[in-house]
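Shown here is one chain on its own, the form predicted on its own, set out as C-alpha cells.
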Amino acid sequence: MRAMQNFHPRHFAIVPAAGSGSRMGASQPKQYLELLGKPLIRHSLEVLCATPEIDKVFVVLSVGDAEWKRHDWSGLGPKLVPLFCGGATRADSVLGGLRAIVREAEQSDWVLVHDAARPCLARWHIEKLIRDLAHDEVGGILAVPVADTLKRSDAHRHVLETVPRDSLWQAQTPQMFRYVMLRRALEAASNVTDEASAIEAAGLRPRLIEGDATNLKVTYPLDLHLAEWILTNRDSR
C-alpha cells in the first residue's frame, strides 16, 4: 500500500475483448480482424501502452481464447498484461478484470475502460480525458454531441416521432472512473452496456468530455474501411 501522504493515483486501462463480434459476420472475433496489417485490437493497445500516464494495460480475454497467443505482442512492452477471465457480457468482463487486479490497484486509482473495437483511439483522446477529469469526484467518458436528426420507430419501422437532439451525446470510450467506485457500481448493476450506465445506476453523474467522430467503433464490415481511412490519413498528416 502506498503512503497516503504521498498518494498519487495511477491510471490503469482495461480493454474487454472476450466478445465474438457476431454482427461483423466474420469467422473470427472482430478484435482479431486485420486492419492495416495488424489485428484490429493492436491499434488501440499501441496507443494505450505508449501513453506515459497509463501505468498498465489489462486485456480481458475469454478463458478459451487461443487466437491471442498466435500473435506477437512483445513490441508493446511490459505494460501489456492479458487476463483470461472474460465473461458473457462486457460488464462481466470488466468486472472480472477489476477483480483480477485487486492486489495491484488502490481504491482511488483511475481505471480507463476502452472498447477493443475502437482502433482509432488517439493519444490526445486519452490525455484530454485524464487532464479534464483529474479532480472530478465521479469521473466521466469521451463522447460526441449527436449531430443527426433522430427518429423513433414503431415495430414496423414507421416513424413515430422525431426525437429532439438537444443535450444528446453519443457515448464513446475510454470511460474513466475510480477503481472502487466502478467495481461497486458493476457489482450492483451488471446488466448495463457501458460503465457510465452502472455509475448512473448508483445515483452518480459522469462528466461528458468531448472527443471526436474519428474514435469510431467497428461494428459492421463497412466500419473497417472507415477505420482504415482514418488511421491512414491521420498518420499521413
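Position 1 is the first residue in the sequence shown; the rest follow in order. Predicted model, so just to flag it, every value in this text is computed and none were measured.
One more form of this protein, predicted in complex with a small molecule, exists but is not displayed; see below.
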| query | finding |
| --- | --- |
| Option from 204-212, 187-195, 64-72, 45-53 whose residues, in the predicted bound form, bring a heavy atom within 4.5 Å of the small molecule | 187-195 |
| All of R90, R118 and A171 with a heavy atom within 4.5 Å of the small molecule in the predicted bound form | yes |
| R10, heavy atom within 4.5 angstroms of the small molecule in the predicted bound form | no |
